[in-house]
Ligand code: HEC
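Shown here is one chain on its own, the form predicted alone, set out as structure tokens.
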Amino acid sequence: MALALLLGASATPPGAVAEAGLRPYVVEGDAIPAPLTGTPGDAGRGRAVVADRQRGLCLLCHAGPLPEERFQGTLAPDLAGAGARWSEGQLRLRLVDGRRLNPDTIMPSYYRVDGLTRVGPGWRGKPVLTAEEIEDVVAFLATLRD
């Protein structure tokens, strides 16, 4: 990790890791190249997270190739073709903390707990998605090549 930091990469804030039990990760450029869990996620479970309007809330802003889901969002890029537009590492960073790429984004940081505002009491100190769920969503989005 020290070599990555010297090369312009940054790591998970140490306080956040200890505080919320977040797994450490290294950001290299516009990506988190390594899975948070050390292993790839499951695309089927990732699809379920994306479609879940209580958990992932992805379809609130994004449309995607989930024809059974009605009332998909139009505020953010369509998820169709996401796997062709971005690498798994780029998708991972966008999910973990999109504010690193665009400080003005309206997309939530799904795996961050520090520096957030307007967080409900039940969610304070907890990421929206687990490391496993992040990897599952990355695996699903990576399959969307058309």
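Numbering starts at 1 and runs along the sequence shown. Worth saying up front: this structure is predicted, and the values here are computed from it rather than measured.
Below: the form predicted in complex with this ligand, not depicted.
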Query raised in the report: Of the options Val113, Leu79, Leu93, Leu36, which one has a non-hydrogen atom that comes within 4.5 Å of this ligand in the model of the complex?
Result: Leu79
Report task. Answer with one of Leu57, Leu66, Ala31, Ala43: the residue that has a non-hydrogen atom within 4.5 Å of this ligand in the model of the complex. Result -> Leu57
Requested in this report: Classify Gly89 as contacting or not contacting this ligand in the model of the complex by the rule of any non-hydrogen atom within 4.5 angstroms, answering yes or no.
Outcome: no
Query - this ligand contact at Val137 in the model of the complex, heavy atom, 4.5 Å - result: yes
Query raised in the report: Is there a non-hydrogen atom of Ala48 within 4.5 angstroms of a non-hydrogen atom of this ligand in the model of the complex?
Result: no
**Report entry** 4.5 Å heavy atom contact, Ala131 to this ligand in the model of the complex
**Finding:** no
Requested in this report: Let me know which residues along 98 to 131 have a heavy atom within 4.5 Å of this ligand in the model of the complex, or say none if there are none.
Outcome: Asn102, Thr105, Ile106, Met107, Pro108, Tyr110, Leu129
